[in-house]
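Only one chain is given next, in structure tokens, and it is the form predicted alone.
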Amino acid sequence: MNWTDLQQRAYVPYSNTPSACVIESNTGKVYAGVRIENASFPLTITEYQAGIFGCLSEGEIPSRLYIPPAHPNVPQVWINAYSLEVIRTEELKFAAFADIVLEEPVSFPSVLRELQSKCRIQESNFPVSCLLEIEPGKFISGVNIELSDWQLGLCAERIALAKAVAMGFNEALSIHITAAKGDFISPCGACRQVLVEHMPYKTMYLYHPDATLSEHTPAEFLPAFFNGKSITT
């Protein structure tokens, strides 16, 4: 794996400017992060969010952040938040990225509940978890991760998607979502906009706190959605 290969995983149809980073945890595991743009520009996921939150969502602590030599300076907020050592390097000398792909669980509700132990929700105390299907019977997990600056945090759905894209999985087949509180569980407006760009008509399985299950699509939850075709054509 080299920087060019990793940057090619970025989803940048609007700027055509791919960017990537690599996060090494305090146990030596490594996680990829790539830029994922959205037709609603403020919802773009940065390579830092993808890499750092991918690491955190796996229960690991980010320690080092690797970037190419010509990469812009890393925003200080990320360095301060996680005491990161930033390393500029031409070569990526890692054998492999951490294995984050999960097999289809016997019970989605129980696995989703277990995942919530990895949430970082010091601001809201509202745990959310999800499993994104990236191949038949193969899943990538997501949990919500917050910072004191709320706009920098990400919901479980966007973290799962960011992890999948950074690992080279370009198609989402379905997503399973739950939360520990509330009546009817559904993605927030920001997640609906991001999901509708990548999987508008794929099934969302929503596991509600009262033990009921409902099935929907992102397009159903965001009718007449803006998909950015007018920007790229």
Ligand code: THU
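This structure is a prediction, so every number in the text was calculated from the model and none was measured. One-based numbering along the sequence shown.
The following text describes the form predicted in complex with ligand THU, which does not appear among the structures shown.
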Legend entry - Full three-residue contact with ligand THU in the model of the complex, heavy atom 4.5 Å, for Ala180, Phe184 and Leu213: no
Inset, instruction - Answer with yes or no whether Ile175 is in contact with ligand THU in the model of the complex, where contact means some heavy atom within 4.5 Å. - result: no
Inset, instruction - State yes or no: in the model of the complex, is some non-hydrogen atom of Glu157 no more than 4.5 angstroms from a non-hydrogen atom of ligand THU? - result: yes
Inset, instruction - Determine whether any heavy atom of Ile61 comes within 4.5 Å of a heavy atom of ligand THU in the model of the complex, and answer yes or no. - result: no
Legend entry - Contact of Thr89 with ligand THU in the model of the complex (heavy atom, 4.5 Å): no
Inset, instruction - Could you spot which one of Cys191, Ala164, Leu65, Ile45 gets a heavy atom to within 4.5 Å of ligand THU in the model of the complex? - result: Cys191
Legend entry - Per-stretch contact check against ligand THU in the model of the complex, the hit in 67-75, 102-110, 81-89, 123-131 (non-hydrogen atom, 4.5 angstroms): 123-131
Inset, instruction - Quick one: name the residues from 128-154 with any non-hydrogen atom within 4.5 angstroms of ligand THU in the model of the complex. - result: Val128, Asn144, Glu146, Trp150
